[in-house]
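Here we start with a single chain on its own, the form predicted alone, put down as structure tokens.
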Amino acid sequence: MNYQKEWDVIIVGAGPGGSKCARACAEKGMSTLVIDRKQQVGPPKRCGEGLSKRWVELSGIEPTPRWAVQYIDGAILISPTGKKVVVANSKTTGYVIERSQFEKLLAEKAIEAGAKYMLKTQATGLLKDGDTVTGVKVLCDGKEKEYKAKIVIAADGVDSLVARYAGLQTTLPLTECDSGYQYEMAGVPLLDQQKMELYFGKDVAPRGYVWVFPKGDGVANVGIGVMGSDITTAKYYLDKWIDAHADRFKNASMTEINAGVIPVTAPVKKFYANGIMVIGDAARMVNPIHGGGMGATMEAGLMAADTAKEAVDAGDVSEAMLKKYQDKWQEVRGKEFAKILQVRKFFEKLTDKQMEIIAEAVDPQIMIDLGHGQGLGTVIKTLVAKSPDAAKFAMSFLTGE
């Protein structure tokens, strides 16, 4: 297939953020090209596939059995000793999805709006005029090609090369990322078909958790996220946990294996440079508590599309113009993410005993709020009252010291 050589917007990466951004750009009347190194939109997936109701609504796609495979109305949190805390309110509703189909549908909607896609195409560099990005260099079908763009948007994941080509600092220390490993399994008995299961404990998953996400008819994603700097692999911890629950999994077996790196830290300091913006995992837009990023990535894609439209219409793709995108993201999501990161840092310092105290004494609704960066003060005061030995480090989070 032949593609025009000049575009208003070129997006590198056809994940949820890239395709949502592409649809918005095309709907705004901008010529839009999406390139992706994979030969198929969707696979391989690198997540547990949970998507809350608010992000489903933001996607602009009606839930259908094609991709929204299991409705979820809450979660069951399991402490190190096995205490179960059920959390359920409007914030916990959503779906476990088939992400490969979800991403394909997002791409289909972008194409219907006018965007074009090039697959099996690797971005190998950027075109520049001085310090302004003016397009991308790619390798497609064994041939080197160049495509010009007024604006390039990097949506190429946690290991983004495009952002680095632009000179943006995206280095991710091992201490600030988690390693994820997951089996999709059949024959899994579930505690509740409509609730996610999350298992915590230092020996279970250092700094992370084990999840069991229902996908209907005895099928579930059984996965784990652990501290990336841990010398023991995520696979080891997951297999160990499954073996410890041998009775439950005796008739289960895997049908798919997924693995990946999850940034659980602050977003990169700068989302833009002259002629380029960065969205999604490439900018570390991932909830530091649960590691989910699809929703925030799509939201950022819409914000980037708004700024791209303004910049293209004004004929101004300078940093000063594109900074409006980051300012908007900071206003809408940045402060929340900063608070969530504080919650993550607090919980990773807890002992299993202290986690048990919290599970026993804290209102389950507060546990939901923590995932949104709220309620940490209440948790800290409860812990200090019942565990004086935790006072020094706990109070430091309230005082900011």
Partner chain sequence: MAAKIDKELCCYCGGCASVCPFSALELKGTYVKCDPEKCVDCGICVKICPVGAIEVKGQRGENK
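Positions refer to the first chain, counted from 1. Computed from a predicted structure; not experimentally measured.
The same protein also exists as the form predicted in complex with the partner chain; that form is not shown, yet it is the one meant from here on.
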Contact label in the predicted complex: D243 to the partner chain, heavy atom within 4.5 Å
yes
Quick one: is T81 in contact with the partner chain in the predicted complex, heavy atoms, 4.5 Å cut-off?
no
Is K137 near the partner chain? Define near as a heavy atom within 4.5 Å, in the predicted complex.
no
Determine whether any heavy atom of L161 comes within 4.5 Å of a heavy atom of the partner chain in the predicted complex, and answer yes or no.
yes
Identify which of L127, L302, A259, V86 has a heavy atom within 4.5 Å of the partner chain in the predicted complex; exactly one of them does.
A259
Please identify the residue among A107, A234, A220, A308 with any heavy atom within 4.5 Å of the partner chain in the predicted complex.
A234
Pick from 248-256, 71-79, 321-329, 115-123: which stretch has non-hydrogen atoms within 4.5 Å of the partner chain in the predicted complex?
115-123
Can we say C177, Y181 and R284 each have a non-hydrogen atom within 4.5 Å of the partner chain in the predicted complex?
yes
Counting only heavy atoms, which residues in 30-49 are within 4.5 Å of the partner chain in the predicted complex?
R37, R46
